[in-house]
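Listed next as structure tokens is one chain, alone, in the form predicted alone.
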Amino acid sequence: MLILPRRIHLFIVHHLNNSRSQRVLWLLEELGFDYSIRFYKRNEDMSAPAELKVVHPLGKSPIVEDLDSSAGSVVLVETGAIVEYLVATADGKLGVPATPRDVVSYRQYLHYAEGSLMPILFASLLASKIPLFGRFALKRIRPMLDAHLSFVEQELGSREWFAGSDFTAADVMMSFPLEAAAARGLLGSHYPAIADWLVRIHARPAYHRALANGGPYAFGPSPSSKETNL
């Protein structure tokens, strides 16, 4: 039987400091792909620089280019879609688990990170920046955030990883919102299962390789700043 070599992919990650793109670097390291990085630095108001709009009209990070896909050169945006694309390109490595129940969890958390958890965290950040009115808004937002964190705590208290007994891309997707919550001091001592999960992902060799390649990251194991830049 003739076994063809895996197609070589030439990935470029357009990486913005302290952003969701750190997850993409981490996943590429976990999957064993070669890639190059183009670095971008936030403006003083924490917005993305105009140079990113040259790559994609939305001007947001992460942006990943696959220069040698089966469809030719492609540009990918949206972290969840990028994660699914990379997993598929790696022949399903770190993707859908074998157990039907774990498949459900995998798909849920692949989308829950950005669809449910990040919006409430972002609303919390915005409210904290607004004098007076923000304090009233936070009183409404914090119970909603606590409900999400309690839900995640219960889930991680029942199994080792988000999609069961094995580490998957769902854990990569969940890293940024939970790291951001920890960096802002929102976890305290109330969520030990989340804290333990953060320790375990931060201990992975691929995570540290991604940190070394991506540069300073405020939400990692030893945050240099407690300011959340979502």
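What you are looking at is a predicted structure, and each value in this text was computed from that prediction instead of being measured. All residue numbers refer to positions in the sequence shown, first residue = 1.
Only in words, not in the display: the form predicted together with a small molecule, which the text now covers.
With respect to the small molecule in the predicted complex, the three residues Asp66, Glu84 and Thr89 uniformly fall beyond 4.5 angstroms at the level of their nearest heavy atom.
When you look in the predicted complex, the only residue of Glu155, Glu114, Asp102, Asp146 with a non-hydrogen atom within 4.5 Å of the small molecule is Glu114. Residue in contact with the small molecule in the predicted complex (any heavy atom within 4.5 Å), chosen from Ser165, Ser36, Ser47, Ser70: Ser47. Only one segment in the set 104-112, 73-81, 147-155, 91-99 has any non-hydrogen atom within 4.5 angstroms of the small molecule in the predicted complex, and it is 73-81. Taking non-hydrogen atoms only, Leu16 approaches the small molecule to within 4.5 angstroms in the predicted complex. Among heavy atoms of Pro62, some come within 4.5 Å of the small molecule in the predicted complex. Contact annotation for Trp26: none of its heavy atoms lies within 4.5 Å of the small molecule in the predicted complex. Contact between Tyr191 and the small molecule in the predicted complex is not found at the 4.5 Å heavy atom cutoff.
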